[in-house]
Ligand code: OGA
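Let's start with one chain on its own, the form predicted on its own, as structure tokens.
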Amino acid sequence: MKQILIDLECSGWAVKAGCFGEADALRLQQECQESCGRGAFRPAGVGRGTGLNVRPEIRSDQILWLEPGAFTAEQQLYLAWLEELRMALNQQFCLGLFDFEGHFAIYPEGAFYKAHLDRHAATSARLITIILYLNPHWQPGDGGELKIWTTLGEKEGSYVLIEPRLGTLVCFFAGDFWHEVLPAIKSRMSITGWFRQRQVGL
């Protein structure tokens, strides 16, 4: 966790392999697969509130929100780890983060999410993006990389490609870094979410 804080302070984004225990990550992956098999996932949308629309030409993943009051034991374990990270971020950066919202995400073969920022227009609630990958035995050539442009606010120039390997965690400032999910040749799973801050007047 310390290295995540250091990297965020230096560059605004961080990647940590093996950040969450392999056995626990595998249980989350199994839970994700089983939920998908039960038909619990829905096509992901673009936008928020009344402006939320399914736009498969922009993103073609499917999601299942983590619902407060219905967390499984494995979800609770991951959320407890995230709570430690939230408190560490607040202590280090004085961000005022107060909660986490997130969902399972499945990208079927060939699915993608074009370049975007994670902070919705007209709101600054989502401050930090957190992604935990749930894909065992992911190999070079399987695709599905997360592409992050590393210049603040820019969708060009230098970038990094991050393979979605089991237990790898990615963390970055949600409104600052353009990113996209490249198509994969097999199903790709993660838990994607955001630490949020309170908004004045809300």
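Bear in mind that the values here come from a model prediction, so they are computed numbers and not experimental data. One rule holds for the numbers: they count along the sequence shown, beginning at 1.
Keep in mind that the form predicted together with this ligand is not shown, yet the notes after this line are about it.
Contact with this ligand in the predicted bound form, judged as any non-hydrogen atom within 4.5 angstroms, is confined among 47 to 55, 173 to 181, 32 to 40, 65 to 73 to 173 to 181. For the three marked residues, Y107, H116 and I131, a heavy atom of each sits within 4.5 Å of this ligand in the predicted bound form. This ligand in the predicted bound form comes within 4.5 Å of a heavy atom belonging to L146. Although the partner is absent here, R165 lies well away from this ligand in the predicted bound form, with no heavy atom inside 4.5 Å. Although the partner is absent from this view, W194 contacts this ligand in the predicted bound form, with a non-hydrogen atom inside 4.5 angstroms.
At the 4.5 Å threshold, heavy atoms of R59 reach this ligand in the predicted bound form.
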